[in-house]
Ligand SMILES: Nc1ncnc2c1ncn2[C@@H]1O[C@H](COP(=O)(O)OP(=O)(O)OP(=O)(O)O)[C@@H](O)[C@H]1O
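Here's a solo chain for you in structure tokens, the form predicted alone.
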């Protein structure tokens, strides 16, 4: 019996190199040999300090840059190869930008969510079903919001509309560019809850670019940490958080439970730092304090 061939990654970068203003005296090298895979069902966070190459890598995955052959692949195919169907790729990769106003094209919510499916030739009946399904999925009631004017929405609601537009396209890969940036605490909590529901209800493949390790740790299963355009770490979330000293050396702000645990290791050397919440930190402290009193 022969082994079945392994399915190609949904997205892949192979020694990806990219420079802005290439060939000019002002050229800036943003990606310096970045390699990683994204497989179906994974939720991957791209994190790193300022100018580490996060946005460049995310834009490459979404094919928003002029790419060279042999570096960026979608389902095993080179997206820069001659004859590749780039229009189909853009329907397969949905991008939610940091500023939703840049991607909301219509003045009414329902029309905007319907824009992508309509442009792709989806029949009107199915488009309407997708619009209703997608708005409900992001927590916006279809009867209440389909005729709302976009300019009357809050920042968090606009991000939900942008995400609904991507969901309506049923893209296999969703790319989020700093989804929590600029939101107030309530807006962040609501968006966290939304993404958690989507994780449970749909087997989404998601790549999230974030300057916040705390946000990425709570939303993703795996983290890719960039430093000066190179991959410094690529591992499951808890494995990355366990390397708190290295993260700090890279200039990445640690999530509060990790930062507190790192300080407390001065008196409790075996205290772990692979912690996602304050509740986990409290549990780890009680366990060790209990052992010390026994």
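Positions refer to the first chain, counted from 1. The model shown is predicted, which means the values in this text are computed figures rather than measured ones. We call the rigid core the largest set of C-alpha positions that still match within 1.5 Å between the two forms.
The following text describes the form predicted in complex with the ligand, which does not appear among the structures shown.
In the model of the complex, the ligand lies within 4.5 Å of some heavy atom of residue 154.
In the model of the complex, at least one heavy atom of residue 28 sits within 4.5 Å of a heavy atom of the ligand. Contact between residue 103 and the ligand in the model of the complex is not found at the 4.5 Å heavy atom cutoff. Though the partner is left out of this view, residue 51 does reach within 4.5 Å of the ligand in the model of the complex, counting heavy atoms only.
Although the partner is absent from the chain shown here, none of 35, 73 and 92 has a heavy atom within 4.5 Å of the ligand in the model of the complex. For the ligand in the model of the complex, the listed stretch (257 to 265, 55 to 63, 237 to 245, 35 to 43) containing residues with heavy atoms inside 4.5 Å is 55 to 63. Of the listed positions (197, 111, 128, 148), a single one reaches within 4.5 angstroms of the ligand by any non-hydrogen atom in the model of the complex, namely 148.
Of all the residues from 252 to 276, none has a non-hydrogen atom no more than 4.5 Å from the ligand in the model of the complex. Fitting the two forms on the rigid core leaves the C-alpha of residue 153 displaced by at least 2 angstroms between this form and the one not shown. Once you line up the core between this form and the one not shown, the Cα of residue 140 ends up 2 Å or more from where it was.
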